[in-house]
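First comes one chain, alone, set out as structure tokens in the form predicted on its own.
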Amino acid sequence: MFDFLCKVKEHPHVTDDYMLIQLHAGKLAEQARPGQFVHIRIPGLEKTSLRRPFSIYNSEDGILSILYKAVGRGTEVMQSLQPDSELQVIGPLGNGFPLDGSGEPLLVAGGYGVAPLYFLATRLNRKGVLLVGGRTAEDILAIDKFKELGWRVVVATNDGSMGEKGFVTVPLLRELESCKAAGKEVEMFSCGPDAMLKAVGEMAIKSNSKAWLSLDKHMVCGVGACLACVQKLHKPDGSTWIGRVCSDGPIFEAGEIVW
């Protein structure tokens, strides 16, 4: 883990609502793994606001990229940062997605939950399918980037403005059934709202597949000291324990999570 003062390289809009901030992050970027996150101190809010956790969208050649949406005071301030602005960043934090599986990879994203899955797609040694859902077409991000990597992309939106109308779990079920009919082993990786993660996990358990879920909890310290982001979890023997999403996660296998 590093505590870096990172300079902003670029900070463009991806859509009207979403931005991509690229940071010169040196060794922090070099050691980042898909599924990990960073904790950022927002300039000007040090005395009145806690650090903010952000999933890592990409890490390459010492540049750390974060895809985000302004949803509160901190991210609204962050939107105004220009190239050469400085940010205090702690990371990489948490565990990451496993990269050594062998099943057909199905990446399941809700909204900007696509961010850590893109980083994952750049590092996996096999291609598969990205299934991404959102409320509208405006919430569907980065799909061209996945296609450039050779991934097949399936889109679902609540209002039908892109892809099929409905929840992303509907095409996911079709993909699972298709893989089962073809005798393929499946491994799922998912990031998004809790309701979607729970549904993905239940489908994985029912189909005897592995599913690695990225949980999102309110984090204060980011390093496991404050116990603000606890999650009830199963042990292999069937008993339960209380884990910390920031340090024991944020990636958990579906069967571990007690919803």
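Counting begins at 1, following the sequence as shown. As the structure is a prediction and not an experimental result, all values here were calculated from the model.
What comes next is about the form predicted in complex with a small molecule, which is not displayed.
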property: Triple contact flag Pro98, Trp151 and Ala211 to the small molecule in the predicted complex, non-hydrogen atom at 4.5 angstroms; result: no
property: Contact test in the predicted complex: Pro34 vs the small molecule, heavy atoms, 4.5 Å; result: no
property: Ile140, heavy atom within 4.5 angstroms of the small molecule in the predicted complex; result: no
property: Contact test in the predicted complex: Thr75 vs the small molecule, heavy atoms, 4.5 Å; result: yes
property: Contact test in the predicted complex: Val170 vs the small molecule, heavy atoms, 4.5 Å; result: no
property: Contacting member of Met196, Met219, Ala204, Leu28, with respect to the small molecule in the predicted complex [4.5 Å, heavy atom]; result: Met219
property: Answer range among 129 to 137, 81 to 89, 110 to 118, 175 to 183 for contact with the small molecule, defined in the predicted complex as heavy atoms within 4.5 Å; result: 110 to 118
